[in-house]
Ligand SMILES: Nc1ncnc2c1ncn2[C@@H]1O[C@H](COP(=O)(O)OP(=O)(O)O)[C@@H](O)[C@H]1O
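What follows is one chain in structure tokens, specifically the form predicted alone.
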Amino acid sequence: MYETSKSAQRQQSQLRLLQSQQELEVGNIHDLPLPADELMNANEHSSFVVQTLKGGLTAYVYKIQAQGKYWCLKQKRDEILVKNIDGQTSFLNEIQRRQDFERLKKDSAKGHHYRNIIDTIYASNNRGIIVSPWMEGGHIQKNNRHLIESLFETIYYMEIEGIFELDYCPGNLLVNNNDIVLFDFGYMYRFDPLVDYNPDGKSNPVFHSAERYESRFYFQYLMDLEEEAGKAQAMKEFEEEKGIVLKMYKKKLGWLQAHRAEQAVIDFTKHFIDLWELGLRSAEGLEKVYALESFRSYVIDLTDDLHGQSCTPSTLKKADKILTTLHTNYDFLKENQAFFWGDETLEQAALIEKYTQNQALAQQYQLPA
């Protein structure tokens, strides 16, 4: 599933870079608000640490105070908690993407498109630190039209520059002045938008930007919303989100056609446009899209959490949703080709057995509270 040729090539290249201990830096070390050695050895008891932020499977994250200002310090963990190659290389990968964004931000014709991407003061792979300006706000909890529009505008400009984010989890989406700011790039990879569907090339067509946002955040949000406010409210917000995403995909299609992308990539984008346009025409059509895409997102997010052995109580809820749907709506899923990553070869009983086992693993791989 994850071991595609392009992803394997990237992983091996990054592992070789880590093993070589070649330095990779962004910015100027002299711009740091405190000496690098102090930042490398910072902990929650350091005099300049104002707050230790919860989370961070790759790095410790601190709010620090120096020179009369607040800053964000990311300090690489000695032991990264995501137990796979992408997790082990994620700090290096983040620095590589920060290099990309600093280059784009300095381009007078393009820089304003990346205003919702955090700036970098200094980053060093060998020193294991990344320092950025402190952004007030909090992780995304609720959605509104402006937030989704601003996010997908940023995604559009990232993707036409060949940058693809795999992990739009809530911990990576900071809301500042009613804008989403992207500040964590550990699972953001390069790809060729004229040739590839995503960083896996064409071998993993389930991944695309709307799916990534929905699988890693939005369907979790809608699942919680269903519990709090009812299915009707969740459907209303889903319809609005789909309209915004549809508009962005049409814009990207125009760019792909103007730049003579491979026909397979054009057809890939058209497929989702056609699917969502049809779904938005009626309540029945929207319900169908919701059922298929929520199931897809629960399966992908469960699989992702199991792959990284980084499960939460929400992972268990998604496992429950998957099993309920397999018991009650299997024929609908089968008829609409909702299965992937080998599930399409399994019958109902085998799928129920598989996801019962996955549910048990999700319990086993619960992260510490």
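For clarity, every value in this text was computed on a predicted model and none was experimentally measured. So that there is no doubt, residue numbering starts at 1 and follows the sequence shown.
The form predicted together with the named molecule exists for this protein as well; it is not shown, and the discussion that follows is about that form.
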| query | finding |
| --- | --- |
| Non-hydrogen atom contact Arg216 with the named molecule in the predicted bound form at 4.5 angstroms | no |
| Distance check, His139 to the named molecule in the predicted bound form, heavy atom within 4.5 Å | yes |
| Distance check, Tyr249 to the named molecule in the predicted bound form, heavy atom within 4.5 Å | no |
| 4.5 Å heavy atom contact, Lys74 to the named molecule in the predicted bound form | yes |
| Sole residue of Asn198, Ser124, Thr89, Asn172 within 4.5 Å of the named molecule in the predicted bound form, by heavy atom | Asn172 |
| Among the candidates Trp276, Phe183, Tyr168, Phe101, the residue which, in the predicted bound form, approaches the named molecule to within 4.5 Å (heavy atoms) | Phe183 |
| In the predicted bound form, segment of 307-315, 56-64, 36-44, 338-346 with a heavy atom within 4.5 Å of the named molecule | 56-64 |
| Heavy atom within 4.5 Å of the named molecule in the predicted bound form - qualifying residues of 116-151 | Ile118, Ser132, Pro133, Trp134, Met135, His139 |
